[in-house]
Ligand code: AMP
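Shown below, as structure tokens, is a lone chain in the form predicted alone; questions about how it binds or moves come after it.
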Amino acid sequence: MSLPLIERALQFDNRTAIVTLNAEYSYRQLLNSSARAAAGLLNGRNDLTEARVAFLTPPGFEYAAVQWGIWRAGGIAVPLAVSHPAPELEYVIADSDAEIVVAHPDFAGKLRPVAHKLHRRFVTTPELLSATASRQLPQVEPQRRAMIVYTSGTTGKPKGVVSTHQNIQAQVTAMVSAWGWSADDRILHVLPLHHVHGIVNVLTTPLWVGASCFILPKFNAEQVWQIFETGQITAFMAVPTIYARLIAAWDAALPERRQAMSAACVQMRLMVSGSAALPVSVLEKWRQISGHTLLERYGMTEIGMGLSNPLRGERVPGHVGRPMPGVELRLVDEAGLPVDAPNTPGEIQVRGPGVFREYWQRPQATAQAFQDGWFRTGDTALRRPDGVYRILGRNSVDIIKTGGFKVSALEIEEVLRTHPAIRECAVVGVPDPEWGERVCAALVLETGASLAAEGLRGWAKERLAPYKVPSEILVLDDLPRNAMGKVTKPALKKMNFSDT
């Protein structure tokens, strides 16, 4: 049987599927090109039968054509990151045991040596997309594995998260239902295409409904504003850092230009923020600029989208709403028992058709990730009496155990951002013999501002008291370091404010 994504695309035919800075491509062109890619990958075989195909292609039409080609040939797509150096690409190719490596000409020089070193078949995108399409492609059942996306979490080597075609379809249809997707939508895509956010939310979902996806090769704030001002875009999804940069570009614009920029946002129907906690200050500023209260949601590679504020109705700042359609969600305590009382922290556990199948070739890690059929996310949240959830943070990074209390680094960061001298901050826990862990804040100050540690401690003491935080806030020292004296990966990750 043909995959539903392909069957649906046949109905959209000459509608515009993908737009780039240089061209527009119809669904018919996407189907034809992906059929040629599938034939090129098969290379005389009847079916790839879940062979892994690692591919490195910049955002654009070729990316979608290769991805669909892998799926239509019966393979498992393993998207690579354009930003990763050769050793990281080699790790993913080797760990996934990719049989074929596909590279856009821009990246052939980087990937060809890796493919040859690992003795894998290497092919470029022009070679694939110029192959002769086969009249007979394999029948691909929805329960087959479709994709392996690598996620590093906070510790250890990256793991390959395996999703089936059914998993992806469940994630997509949940978003279509919750966020009102239709063929009339036109979304601007500025996200990396080796994460679920960019692959499933912003590319696969619009293509499922016959909408158009305008793909930029990389994020550029001025380009985004110019495209917004054309009035053609109906939806936009991004991470908080991108919204912060768009705000900075708006602030730098002349007053008359600002009016046009804001007016362009007002006519759009949906703006979503995800992949990281959205500072309330960013939400409020964006609302002033655009007229939109950003729709915050919660998801991860293993589950797709789990929680969402409503498309229509009240969106609560700093909260991520209620479970998505088809998603079951519960909170559990440290003993693994359900937490039923409202406003009581617990670990988020999820089950439903969108939950991933397994970690690639890691049966023990897969088994440990589930409790009685529920996926253990490793994130802590609390549920208000009205059923709306608030994320307190990642157990391994954001939940700090200090003085017998569990405190949320994300909540402390929200408090610190209200200080007039602080532009951005990251909070981590550091070992301490008295407190267990002590709160450490790394700060980026506003231009020209200065701030002494003692002054911040005094300012923060009363404001942080509700969060059970000791007043001895540490500023820019005693960060968690390894034996070589380097800041540890979890702390560094939180402090990388420019990462999108």
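Quick caveat: nothing in here was measured; it's all calculated off a predicted structure. Position 1 is the first residue in the sequence shown; the rest follow in order.
A second form of this protein, the form predicted together with this ligand, is not displayed here; the remarks below concern that form.
Though only this chain appears here, would residue 262 touch this ligand in the predicted complex if you measure heavy atom gaps against 4.5 Å?
-> Contact check for residue 262: no, nothing within 4.5 Å of this ligand in the predicted complex.
This ligand contact in the predicted complex: residue 130, any heavy atom under 4.5 Å | Answer no; every heavy atom of residue 130 is more than 4.5 Å from this ligand in the predicted complex.
Would residue 356 count as a contact of this ligand in the predicted complex, using a 4.5 angstroms cut-off between non-hydrogen atoms?
-> Contact with this ligand, no.
Taking the shortest heavy atom distance, is residue 297 within 4.5 Å of this ligand in the predicted complex?
-> Residue 297 belongs to the contact set for this ligand.
Among 363 to 371, 300 to 308, 338 to 346, 280 to 288, which stretch has residues with heavy atoms no more than 4.5 Å from this ligand in the predicted complex?
-> Correct option: 300 to 308.
Tell me, which of 84, 401, 417, 269 has a heavy atom within 4.5 angstroms of this ligand in the predicted complex?
-> Residue within 4.5 Å of the partner: 401.
Please pick, from 137, 162, 391, 412, the one residue with any non-hydrogen atom lying within 4.5 angstroms of this ligand in the predicted complex.
-> In short, 391.
If you look in the predicted complex, which residues in 104 to 135 sit within 4.5 Å of this ligand (heavy atoms)?
-> Contacts from 104 to 135: none.
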